[in-house]
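For reference, the chain that follows is the form predicted alone, supplied as structure tokens.
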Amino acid sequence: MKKVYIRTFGCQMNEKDSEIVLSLLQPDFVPTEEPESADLILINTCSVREKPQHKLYSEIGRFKELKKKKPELLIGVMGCVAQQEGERIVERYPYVDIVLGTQAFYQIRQAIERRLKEGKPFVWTELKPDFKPPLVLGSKKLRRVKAFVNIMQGCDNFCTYCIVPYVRGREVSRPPEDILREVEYLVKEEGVKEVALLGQNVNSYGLKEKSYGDFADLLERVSQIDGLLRIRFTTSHPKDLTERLMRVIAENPKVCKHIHLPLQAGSNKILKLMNRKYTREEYLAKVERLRELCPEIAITSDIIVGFPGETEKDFLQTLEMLERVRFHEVFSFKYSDRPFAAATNFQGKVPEEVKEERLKRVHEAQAKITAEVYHSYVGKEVEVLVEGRSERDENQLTGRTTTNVIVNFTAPRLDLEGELVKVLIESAGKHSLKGKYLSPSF
């Protein structure tokens, strides 16, 4: 039995892609956490920002000595940087054996065969406009509470800071029958209680493929699967957030009361330069409507600071939006030029020290808001899906609320994994809540 070590950088979609590759390699390969014992090393890459791309190059360099000691070891690079760089990876690192782009990783077995047969690095980065992600079900039964399910691939939005349409291709939705079959498999065979539906913009699911129904339709169909307790999804684009989708979130008990709704900037000038296709006023109107329909909704977001042309006045409008919306959490980043993205050629680049300072101010402002939001849970009963034992304290259990907040709690028994329980929140930390078990949730 051969061993495969997979190192994954980036988003949840990359995590799911690595899981698919592992399924495709079974039963001939089993996973290992030790690269030194592996026969195949795969690095799944992210190029959305500069930092993960630099991590890739550091990781490849780390395996150079390992390849010298073990010449039969195969090293592969897949994902967004593989798609972006292609042949340049093997030119820079000649000991890399396989490079597979964001559509080609499904051909991992064929790639290994070609590399071994031809005796030279194999690179496959073609992006087909008519590509349809195939249905891949796990070949080895796992037991787990949560799982990711891709519902679409690619993006058509072409935000000016973003590389995704160039490395993931144009937007394509999976057939709903494939998605339903995958979720049913996960629930029946792996005991999954919660699925997270993934896409670059889940809100536009099915808009090209008219016979599929839209995203609201898909949520309703997935919710009918027996044994499934919760449905999450990410990421949502504000411009495609419809009234009907808001109502499904509010009214369907299986759909979690949490939405990740990237704002990116609070200034209309910057939003227009980013090609986000909405204004701050339109964003606020959708947030207001969401909260009218679903008062308990938790909203998280992404913020980019230092976009080309961003002035102090523009930045202050972003800070103002944090106060007005009061997100549960915000993921904030410094703008960085990405290959192919239009903003790379924009004038008015913001100095690095200014970006650093603005990022710090976002962190400080949001930390205060998050602390206040989390403190508001204290004294309340919440429903938690138990994911297992807490990493910090094996005598406690951990799980998440429907609003996606981590809860660590004490309970009279520790064998509650996969169950919905009621917990009384007793205290709030920076990134989680603490409480005590009350009862099962029916």
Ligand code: 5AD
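Predicted model only: the values in this text are computed from it and were never measured. Don't overthink the numbering: it's just position in the shown sequence, from 1.
Missing here is the form predicted together with the named molecule; even so, the following discussion is about that form.
Taking a 4.5 Å heavy atom cutoff to the named molecule in the predicted bound form, the contact residue among 334, 247, 221, 289 is 334.
Interface residue among 103, 264, 366, 153, judged by heavy atoms within 4.5 Å of the named molecule in the predicted bound form: 264.
Stretch 155-163 is the answer when you ask which of 155-163, 346-354, 83-91, 116-124 has residues with heavy atoms within 4.5 Å of the named molecule in the predicted bound form.
Put simply, residue 304 is close to the named molecule in the predicted bound form: some heavy atom of it is within 4.5 Å. For residue 48, a non-hydrogen atom is located within 4.5 Å of the named molecule in the predicted bound form, even though that partner is not displayed.
Although the partner is absent here, residue 338 sits close enough that one of its heavy atoms falls within 4.5 Å of the named molecule in the predicted bound form.
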